[in-house]
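First come two forms of one protein chain, each written alone as structure tokens, so that there is a structure 1 and a structure 2.
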Structure 1
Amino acid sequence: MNDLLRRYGPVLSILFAALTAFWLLALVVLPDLYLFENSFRPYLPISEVGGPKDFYSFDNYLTFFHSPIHIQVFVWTIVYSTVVTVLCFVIAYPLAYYLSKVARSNLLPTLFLLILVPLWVSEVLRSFAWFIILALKGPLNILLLGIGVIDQPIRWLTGFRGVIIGLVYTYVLFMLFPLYNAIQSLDTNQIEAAEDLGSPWWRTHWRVILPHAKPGIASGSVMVFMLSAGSILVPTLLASTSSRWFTEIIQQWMFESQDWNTGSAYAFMLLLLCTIFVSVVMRLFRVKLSDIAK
């Protein structure tokens, strides 16, 4: 706060603090507290709300544990969100290393512009584009058949394949930029010293670059996993009947069944999962929350 006062003066500092407090309290904390309180109340007609039947219980949370299908969907959402996170890291790491240590500085603005262009298009349109690309008679199958990679068209939109492809495409940049920032801060002389001492390229990455990039890996993994687990648009458009996502069940409780109480309980279970994942990642990479925030 002292640094803020010294830089911007008392008026702007109070304005910044007030806007931050408004965002945290009015747009994050209060809605979440309202949902959390409702998750313990039963779903009742409006005329019975506040009556003798309106009492707090864990029935909404127990509904989840009494439904094997919902448990299965919950587990698959965790598993495939983790798969999406790993795939995003595998794609983003070499690209981040190239941009930060190999690419010429005068080419970086053009390369970043090419990377960011897809974000200018609405997520709805991008998901519809992937729906067309992955269709049985879509351009991807036509291309693979044309160059002889496959003998017959592949049904990409069965199982979780379409969802994984769509989520990786949508969220890979959330892994790329934290990795780029972390690798860019590494002194290039350390890499050159390792190479001069005879270290092969894989050992240089394993012993020098990856340890330095741990905060970026942790930050990117947290963002990609949380966004994937909480995504609703991509699974709705690219999933099949056998690949339901947990957020679709929350949406059904809230908007189709109009049971916001049970939907709130399911949403907080997903929030608990994401919190546990963040804690595990921080412990695994031995980073603090302040390192991730950088």
Structure 2
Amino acid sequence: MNDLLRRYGPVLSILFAALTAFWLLALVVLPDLYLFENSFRPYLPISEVGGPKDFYSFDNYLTFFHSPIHIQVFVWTIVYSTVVTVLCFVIAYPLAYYLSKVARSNLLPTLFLLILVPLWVSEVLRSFAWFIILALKGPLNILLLGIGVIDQPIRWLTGFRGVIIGLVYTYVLFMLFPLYNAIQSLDTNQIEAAEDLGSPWWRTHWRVILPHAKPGIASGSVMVFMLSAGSILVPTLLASTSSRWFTEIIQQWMFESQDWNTGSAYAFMLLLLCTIFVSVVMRLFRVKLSDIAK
């Protein structure tokens, strides 16, 4: 802090501190605390706010625990977000290895440019593309029927199939880039040393490359899980009535019931879920927050 003062003087130092304080207090900490506080208060007409009925209780959270459907949706969201995270890792790992250790380095910029194209196209359009592809009479079914893999068109959009396909497509890149960064920083000599000493390819991956990639795996998993669990677009477009997502219930409280208090209780649960996931992953992979956010 003294260092800051000496270099930039009191005026600029105060400006830096004020900008940071505005960000962290007014945009991050206080809104989240207020969300937390609101989740314990009842939903009342404006005239009764602050009146005798306005006291703290766990009622909003009890609403959740008294509703088997909401609990079920919450559990599904956790389970399928985890599935999506694992699938993204399985798809992205060979690719990250290829890009960082196998591919010719003069090809890399072009490859990355091509991979990045879907990322610049917004999420809503990416899920919409799959909405067209997965339709009952859509191109995927026509293709599969045509080459004779199936003889009945598949209803892709029932159950969680559509959601999983859409989420993996939308978020796999958030797994690929951290993995690529992590594997790229591994000295290729270490891989060659392992091979010269007679290690089969799978053991080289298991004992040399994967341990080195841990921060990348952690950061990719955290991002993919958080984005999947918090996704609104993909579940709304690619799910059926039998497969609902937790964010859709939050939306219902906020917009249809206009009950912002129960809504904030549910939103807080989603936040809690993501926080727990982050800390579990950090403990599991023994990485720090500064390793994850890169």
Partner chain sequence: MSQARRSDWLFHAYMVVFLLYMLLPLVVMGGAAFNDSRFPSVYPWVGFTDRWFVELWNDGRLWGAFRNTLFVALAVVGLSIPIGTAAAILINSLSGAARSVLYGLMVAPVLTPGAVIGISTLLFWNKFSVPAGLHLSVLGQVSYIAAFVMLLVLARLQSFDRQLEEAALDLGASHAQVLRRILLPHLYPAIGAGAAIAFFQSIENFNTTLFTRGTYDTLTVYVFSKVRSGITPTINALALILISVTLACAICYEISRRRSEKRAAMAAE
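Keep in mind it's a predicted model, so treat the numbers as computed, not measured. Numbering runs along the sequence of structure 1, starting at 1. Just so we're on the same page, rigid core means the largest C-alpha set that superposes within 1.5 Å between forms.
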Worksheet item: Where's the form predicted in complex with the partner chain, in 1 or in 2?
Response: 2
Worksheet item: Does the C-alpha of L233 move 2 Å or more between the two structures once the rigid core is lined up?
Response: no
Fill in: Cα displacement of L44 between the two structures reaching 2 Å, rigid core superposed
no
Item to complete: Can you read me the CA shift for L15 between the two structures, rigid core superposed, in Å?
Response: 5.9
